[in-house]
Structure formats: structure tokens, C-alpha cells
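Below sits a lone chain in C-alpha cells, taken as the form predicted on its own.
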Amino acid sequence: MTRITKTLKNIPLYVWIILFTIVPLVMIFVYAVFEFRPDGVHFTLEHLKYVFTDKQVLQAELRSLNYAFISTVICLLLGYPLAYFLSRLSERMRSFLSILLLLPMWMNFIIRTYAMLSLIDEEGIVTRILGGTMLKGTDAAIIIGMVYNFLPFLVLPIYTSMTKIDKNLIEAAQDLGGNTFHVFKGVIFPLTVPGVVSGITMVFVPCVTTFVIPQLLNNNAWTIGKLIEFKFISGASAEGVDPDGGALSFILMVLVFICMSIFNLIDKDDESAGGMTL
């Protein structure tokens, strides 16, 4: 009886997953490998072939991966020290600064990007500080926009991992003669690797897929997200579906799954290794 009750409680979750996750993913796959013509439905691999052979698509894919990699590295270099700093403060101060960190996330994503645009355009404060050097329309603008929007997603998992570290472990490492570097290398960092991996995943994946940031900050940069949007808006058929756009979406979905699988594998390998080393 308890098992049946638990299953009934989960029905809304199952319905949600099926309608808004599984069905859209299946539709992406169908539009990627099938053509809907007046004479019927035809299986084809031409659109997937287009994704792997078209020069513009390949450049967009590499550009998206490049932006995502650089932005993730910068977020890690900024976010890890910030998370460490927050974890060392008093509980009241940690709560206050955490709210300040999350405050921009309460605003709409597009509004935050427009706010960044106002800072780097011709009359922006950043442009004036740089002596008239305008960042808008450059690759640097896209990376700055990604770091600004996704940095909290990396800080919070690392911060959570750090606050869960038993202080007795740190004291024990210090009693054994470990200096600050050895304590960090042997205790703190290994115990925060799961948070680092989670944060990298939460930053890298949306950076690869986003199209709003490149479109607003550098409209000349063709990323995979922008290319998909262009295909569905300008190349859609009467049914509102572009086969090339479906193929691009399918490949992007596969790329995201591969990235997440790699990050999860790294996380599991670290857990199986035992974490701490002195």
C-alpha cells in the first residue's frame, strides 16, 4: 500500500518529465532524421551530415566551446577564492554576502544582460574607464557577459562544499605539521572537488547553449545557439520546423550529455579515490 501511495504521489513528476523533457527530446530527434513531405515521411541523414560538414556550423560549434571554456576557467579562478573567503566568515556575514551574490539572479536573465550592455556600450562606465575602448561587439564582451551571468552558479556549490568540511580535519592536518599550502592541497581542495565539478557543469553547459548573450553583446559572433535560433526563425517551413535547426539542436543535446557524463565521471573517480591526500 505504501508503495502504491508513493507511486501515486510521483505521478505529477512523471507527467511533467514526459511532457516537458522526454517529448521535446524525441521531437528534436525526429526532426533531425525525418523529413515531412506531401508524399509522406522520409528518413534522411542529410541534415546530420550538414552539421558535421558545413564550415559555418563547425566554426560556430568551435566558437561556442571556446567561449564556454574560457568563461568557465575565469569563473573558476574568481569563484573558488570567493567561495573560500565566504566560508571563512561568520555565519551572519556569510548569509548577508550570499544574499548579495544571489540578488542579481532574482532579475530576469535578459534584463541582466541588457544591464551589462549599458556598461560596455559607447556611453558606458566601463568604456569611459578604458579611455573610450568599447568592448561591445568583441569576444571579450561575450566572455564578460557569461562570467557575470553564470559566476554565482559556480560559487554556490563550492561554497556549500566548503561549509560542510569538518574543521577537526583541518586542525588534524595542522597538528601533523601541514602548512597552509599542504592543508589546502591535502584536505580542503579534495573535499571540495564535488562542488567544483558541479559548479563547472552548471557554468559550462549553459555557456555552450546560450544565444542571448552573444546576440546582445556581439551580434557578429555566430555561436551554435544563435545559429539554431536563426535556422528556426528564417529557415522554418510552413509547419514552423527547420530540419537543419532540428539537427543542430540534436547535436547540441548530444554534446551537452557528453559534457555532463565526463564531469560526472570525474566526480565519481574522485569519490572512489577517497578524497584527501596529505
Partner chain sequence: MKNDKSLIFKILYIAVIMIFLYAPIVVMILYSFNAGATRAKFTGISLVHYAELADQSELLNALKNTLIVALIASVIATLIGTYAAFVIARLSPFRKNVVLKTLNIPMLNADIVTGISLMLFFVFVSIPLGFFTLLIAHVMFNVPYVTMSVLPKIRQLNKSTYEAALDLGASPALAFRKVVFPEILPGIISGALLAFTLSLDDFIISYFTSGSDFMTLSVCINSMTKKTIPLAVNALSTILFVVVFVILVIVNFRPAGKKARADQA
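The term rigid core refers to the most C-alpha atoms you can superpose between the two forms while keeping them within 1.5 Å. Residue numbers count along the first chain shown, from 1. These figures come from a predicted structure and were not determined experimentally.
FYI, the form predicted in complex with its partner chain isn't displayed, but the following is about it.
Quick check: do Leu13, Arg88 and Leu101 each get a heavy atom within 4.5 Å of its partner chain in the predicted complex? Yes, the whole trio is in contact, each within 4.5 Å by some heavy atom.
Identify, from the list Ile228, Leu217, Ala60, Ala68, the residue with a heavy atom within 4.5 Å of its partner chain in the predicted complex. The option sitting close enough to the partner is Ile228.
Which of these residues, Leu135, Val187, Ile142, Leu151, gets a heavy atom within 4.5 Å of its partner chain in the predicted complex? Spelling it out, the residue with a heavy atom inside the cut-off is Leu151.
Looking in the predicted complex, any heavy atom of Asn168 within 4.5 Å of its partner chain? No, Asn168 stays farther than 4.5 Å from its partner chain in the predicted complex.
Using 4.5 Å between non-hydrogen atoms, is Val51 touching its partner chain in the predicted complex? Output for Val51 is no: heavy atoms all beyond 4.5 Å of its partner chain.
Considering non-hydrogen atoms and a 4.5 Å limit, does its partner chain approach Ser118 in the predicted complex? It does: once its partner chain is placed as it appears in the predicted complex, Ser118 has a heavy atom within 4.5 Å of it.
Would you check, heavy atoms only and a 4.5 Å threshold, whether Ile258 touches its partner chain in the predicted complex? It does not: once its partner chain is placed as it appears in the predicted complex, Ile258 has no heavy atom within 4.5 Å of it.
Scan 100-115 and note down the residues that get a heavy atom within 4.5 Å of its partner chain in the predicted complex; none is a fine answer too. Contacts from 100-115: Leu100, Leu101, Leu102, Leu103, Pro104, Met105, Trp106, Met107, Asn108, Phe109, Ile110, Ile111, Tyr114, Ala115.
Would Leu25 count as moving between the shown form and the other one, using a Cα shift of 2 angstroms or more after superposing the core as the test? False for Leu25: its C-alpha shift is below 2 Å.
Note yes or no: does the Cα of Tyr14 move by 2 Å or more between the shown form and the other one after the core is superposed? Yes, its C-alpha moves 2 Å or more.
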